Structures are given as C-alpha cells and as structure tokens.
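Before any questions on how it binds or moves, here is one chain, the form predicted alone, in structure tokens.
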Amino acid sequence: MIEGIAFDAYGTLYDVYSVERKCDEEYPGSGAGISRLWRQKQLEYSWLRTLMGRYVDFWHVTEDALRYTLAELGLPADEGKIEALMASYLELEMYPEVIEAMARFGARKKAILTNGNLRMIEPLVTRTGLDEHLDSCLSADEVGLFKTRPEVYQLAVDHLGIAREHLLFVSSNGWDVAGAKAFGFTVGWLNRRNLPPEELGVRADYVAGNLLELAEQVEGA
C-alpha cells in the first residue's frame, strides 16, 4: 500500500530546461547549448562532490556548473549575466499537469525530496502554489550529501514517518530512479523524454509519461 509520496523536484515537477529562454536573452544564439551543458555539469558536480567528500550546497554547485559551461562554450563570464541566469532557477516553469495530479494522489502525505537547498526550492514552490499540496520540502542539504546516497532518501522515511516500501518516490531522472529503488522505495519513473531505463540492475515499479498518468496508475494502490 502506498501511504506517502516523495517527489524529486528538478526535471520532475519543474522543467530545468525552461532556463533556455533566459540563457538566450543573455547569450543570444547559445541558449539551448548553455541549458543542456549547465544541467549536465550540475548533476556531475553533485555526484563528484559527494564522492570526494567536498560538499557545498546545490546553489553553489549550480553556479559552478554555469561558470564551467560558459568557459567550455567560450562565452564571457559576465557577473551580471551569471546573476540573472542563477535567478532563473528560482523561476523555473512547473509542468502543466502537476497541480491536477497532486489532487489525484489523494490524502496521502506528500513531500519534495530534492538535492536543492531550501532557499532554492521554497520560493519556487510558493510562487507556483505547490506549497498548498505538500506536507514538507526536504533537502539533501540536511545531511550534506547528494542523491543517490541512501542518507538522502532516508530523509523522506524519517520526516514522513512511513516505511520505505510504503513510500512512492517519483522522479524523471533515470539515475535517481535507480538510486531510490536500490534504497527500497516503491518508485515511479516519469519518462518524459521516452528514454531507455538505466542499466543499473533495478527497475521502476511504475512508468508514465507525466505526473497525471502516474497518479492515475497508483490511484488505488
């Protein structure tokens, strides 16, 4: 029985590539390239810092990833532009079906479980009205590690007071799906980009193209 739900935020509830428009405003013609590489390096740096034992919060990781991206693409690291692009992370677009899907999940406890620190995620959740549908926002910052470390997933168990096998963890990121399943969660994968599953020896329990489809799948679970 699914008693509670923990949602990844970036790429799952919020479109990380919605920064492309702002990237193109600041660096005309380079928006798509910046957006893609920035996200790639953001994830890589979170994994590498966890492996190296050199934690900094996700805001810091995101800025470092942006600075690397501009350097690789041969674009000037103008401080005003960097500030503007970083601010765009507080204004990401929410996927259009999210609010409707939250209602379909019913009265189950719901939390965001994200690598993002609270000063990144809480303003975003409030601005989009998602706070009205959540019991809490949980950040990897609390344990000083990033997903896929099991200590991060354990935060949802501890804060929601629900056994891991009765918690549905929802993510659009294949690596996160694998980490959550290895931890012992029931897992829903939002395969928004129609990708193959990661070959890491585990599979999601539910697969859907968007959050509303997933909510319909688990409605009676």
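All of these numbers come straight from a predicted model, not from anything done at the bench. The first residue of the sequence shown is number 1, and the count goes up from there.
There is another form of the same protein, the form predicted together with another copy of the chain; it is not shown, and what comes next is about it.
Comparing 113-121, 128-136, 84-92, 143-151 against another copy of the chain in the model of the complex, the single stretch with non-hydrogen atoms within 4.5 angstroms of it is 143-151. Interface membership of residue 72, defined by any non-hydrogen atom within 4.5 Å of another copy of the chain in the model of the complex, is confirmed.
Put simply, residue 157 is far from another copy of the chain in the model of the complex: not one heavy atom of it is within 4.5 Å.
Residue 196 belongs to the set of residues with a heavy atom inside 4.5 Å of another copy of the chain in the model of the complex. When contacts are judged by a 4.5 Å heavy atom cut-off, residue 202 counts as touching another copy of the chain in the model of the complex.
In the model of the complex, 40, 41 are the residues of 18-41 with at least one heavy atom within 4.5 Å of another copy of the chain, listed from first to last.
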